[in-house]
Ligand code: PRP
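Okay, so here's just one chain, in structure tokens, the form predicted on its own.
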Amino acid sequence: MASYLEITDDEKGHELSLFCVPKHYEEDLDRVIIPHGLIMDRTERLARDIMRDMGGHHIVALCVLKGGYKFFADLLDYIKLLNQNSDKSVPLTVDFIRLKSYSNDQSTNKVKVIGGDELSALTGKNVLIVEDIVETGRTMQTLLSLLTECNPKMVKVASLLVKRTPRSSGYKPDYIGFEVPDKFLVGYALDYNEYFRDLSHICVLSEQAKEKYKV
């Protein structure tokens, strides 16, 4: 069972005024729920766990775009440091895929995979899938079923966030940064209709912002 840092349902978070938040988002956020520094510390620990489990063979790190790009970049920076400062290191290559399953703030039942034709290159490889958030788990299960057809040597999934929700299929990634309440979260590349990716901290989106940025 993956270990993680739990953000409880009654977690009040932190006042926006205590952090550097872009001026154009101040009216759109309720509070900071995971500060950037805590994200970085947890990511460093995940990198160590991943190298412990997967560090015996060439790793292909597969980034799930767009929301996973920041976590992916920071996680790989920590893995690279471990590679450089260890007597035992492994080759690390990267690839990218995009999964589309959201309309506004709702996860849909349909999953659109962009870049799936390239998955055949993962045959016989150790694959690390890096995702920003797992909510129902169905999107990731769809990707894992596609990967299985390519016969990789090993597949592990790292997700920065896992949401506690009654809509969950029960799927849990191998590496989890934080388990979070069933609220809509933005920042650190998590978006709402492409907004808020440029926010360093993970914050709770206000109800009025959902209407303001709705498409």
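So that there is no doubt, residue numbering starts at 1 and follows the sequence shown. Fair warning: this is a prediction, and the values are worked out from it, not measured in the lab.
Here the subject shifts to the form predicted in complex with this ligand, a form of this protein not shown in this document.
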Which residue, 38, 147, 65, 51, has a heavy atom that falls within 4.5 Å of this ligand in the predicted bound form? 65
In terms of non-hydrogen atoms within 4.5 angstroms, which of the given stretches 189-197, 202-210, 20-28, 7-15 touches this ligand in the predicted bound form? 189-197
Is there any non-hydrogen atom of residue 98 lying within 4.5 Å of this ligand in the predicted bound form? yes
Taking heavy atoms and a 4.5 Å cut-off, does residue 139 contact this ligand in the predicted bound form? yes
Would residue 79 count as a contact of this ligand in the predicted bound form, using a 4.5 angstroms cut-off between non-hydrogen atoms? no
With a cut-off of 4.5 Å between heavy atoms, is residue 134 one of the residues that contacts this ligand in the predicted bound form? yes
If we check this ligand in the predicted bound form, which of the residues in 38-52 reach within 4.5 angstroms of it by a non-hydrogen atom? none
